[in-house]
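One chain comes next, on its own, written as structure tokens: the form predicted alone.
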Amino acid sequence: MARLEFISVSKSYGKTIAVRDVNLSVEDNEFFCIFGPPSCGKTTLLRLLLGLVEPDEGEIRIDGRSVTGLGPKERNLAMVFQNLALFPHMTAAQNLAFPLVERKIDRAEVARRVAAVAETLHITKLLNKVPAHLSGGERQRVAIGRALVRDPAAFLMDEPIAALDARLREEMRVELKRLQRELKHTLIYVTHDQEEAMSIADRMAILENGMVRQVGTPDEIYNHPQSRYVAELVGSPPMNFIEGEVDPMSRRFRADKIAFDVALAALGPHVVAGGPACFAIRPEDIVICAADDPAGTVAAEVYEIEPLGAFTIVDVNIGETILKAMVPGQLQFTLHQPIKLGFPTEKCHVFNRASGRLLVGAA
């Protein structure tokens, strides 16, 4: 178990900045996700932590002790790679035992640890099989087991289930959460899949071009994004955006190209600046009303319908702007049906159009 820290860490490869001034703390016994699009610096952070590369600036600490300059062996961290890296000529048992054999652990202790990890991962019946005779999910469990068998200070996982099909990914997410809870070890998990990050993390960090944009619990990230970048990245269907301006006197948002005028006064003194801005609301927070319902505030029409069983996604047209609304169940709509939309003020966000920073956020 360990507390891991990045203190003003930066790393470049030539003119390419991979990680820039990262300050991040991962608490002991925490399931922490590093989330962002490809090439945003996620894997570089893991490589820095593991000691495979050294930072150009800053310091890395494990349990308060600086490990900057120390090799991977001296950091006692276990890594699960995206490509699994199992030895094809070894059985599952031999793959599990490999890290212990290399450290010249007593044979009886090796056998005990391999048996214990195999039981935890439900792969005892697979120990005599080579990787070629295992399914993708089974190979994944062996790769994870090879990390678990060492009893390291913390586990690092670089998109370990990305190559599995959707159903197996769902199963492995549940298993990883169970394992981390039972083992009570710090686990850092890198992914570009928002569903993975949101479903398994205790806390998560959002990366953009090597910089940390926001850190928080999945609920905090989803409900209180601090920038347009984070708001766009998290959520499916994605958040709706309408460009316009904020009038600081009336505290209203007015769209540039469509008849869209929404009062923000209910958010009190949080609107501190006017000028070009971007209004944002999640699809599930838009209220669809009948065309003659006075509760609706903005006239629209149904553009497209996506029935998905438990809920329905309705694309709505306001002028030339298409927004997505998500409603529970299998409600019946018709194309071009006139409707009205309600925008609960307490669910709205307004971002500065130039900087992308939050001006007004949901309560």
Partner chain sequence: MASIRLSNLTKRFGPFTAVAALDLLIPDKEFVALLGPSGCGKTTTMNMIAGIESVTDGQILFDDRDVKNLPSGKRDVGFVFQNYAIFTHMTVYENIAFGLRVRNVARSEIDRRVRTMAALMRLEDRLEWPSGKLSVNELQKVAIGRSAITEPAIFLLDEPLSNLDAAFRAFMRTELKHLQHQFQQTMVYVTHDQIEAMSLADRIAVMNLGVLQQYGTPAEIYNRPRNIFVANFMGSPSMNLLPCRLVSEGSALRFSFGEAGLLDVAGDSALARRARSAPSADVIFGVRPEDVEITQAGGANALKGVVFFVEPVGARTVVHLKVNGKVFKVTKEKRFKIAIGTAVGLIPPVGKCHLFDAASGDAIGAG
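Just so it is clear, the structure is predicted and the values come from calculations on it, not from any experiment. Numbering follows the first chain given and starts at 1.
Omitted from view is the form predicted in complex with the partner chain, to which the following refers.
Margin query: Within 4.5 Å of the partner chain in the predicted complex - does that hold for a heavy atom of every one of V174, D219 and G309?
Written below: All of them do, each having a heavy atom within 4.5 Å of the partner.
Note to self: By the heavy atom within 4.5 Å rule, which residue out of E138, E208, D285, E159 makes contact with the partner chain in the predicted complex?
What the structure shows: Of E138, E208, D285, E159, the residue with a heavy atom within 4.5 Å of the partner chain in the predicted complex is D285.
Next item on the list: Would you kindly say which of L48, V26, M326, I62 lies with a heavy atom within 4.5 Å of the partner chain in the predicted complex?
Entry: For this set of options, the contacting one is M326.
Next item on the list: Classify M198 as contacting or not contacting the partner chain in the predicted complex by the rule of any non-hydrogen atom within 4.5 angstroms, answering yes or no.
Entry: Yes, M198 lies within 4.5 Å of the partner chain in the predicted complex.
Next item on the list: Answer for L70 alone: is it within 4.5 Å of the partner chain in the predicted complex, judged on heavy atom distances?
Entry: No, L70 stays farther than 4.5 Å from the partner chain in the predicted complex.
Next item on the list: Answer yes if any heavy atom of H133 is within 4.5 Å of a heavy atom of the partner chain in the predicted complex; otherwise answer no.
Entry: No, H133 is distant from the partner.
Notebook entry, point to check: With a 4.5 Å heavy atom cut-off, would you call Y303 a contact of the partner chain in the predicted complex?
Noted result: Although the partner chain is absent here, Y303 would touch it in the predicted complex, with heavy atoms inside 4.5 Å.
Notebook entry, point to check: Want to guess which of 208-216, 101-109, 174-182, 115-123 is within 4.5 Å of the partner chain in the predicted complex, heavy atoms only?
Noted result: Going by heavy atoms within 4.5 Å, the stretch is 174-182.
Item checked: Residues in 315-344 with any heavy atom within 4.5 Å of the partner chain in the predicted complex -> Residues within 4.5 Å: D315, I322, K324, M326, Q330, L335.
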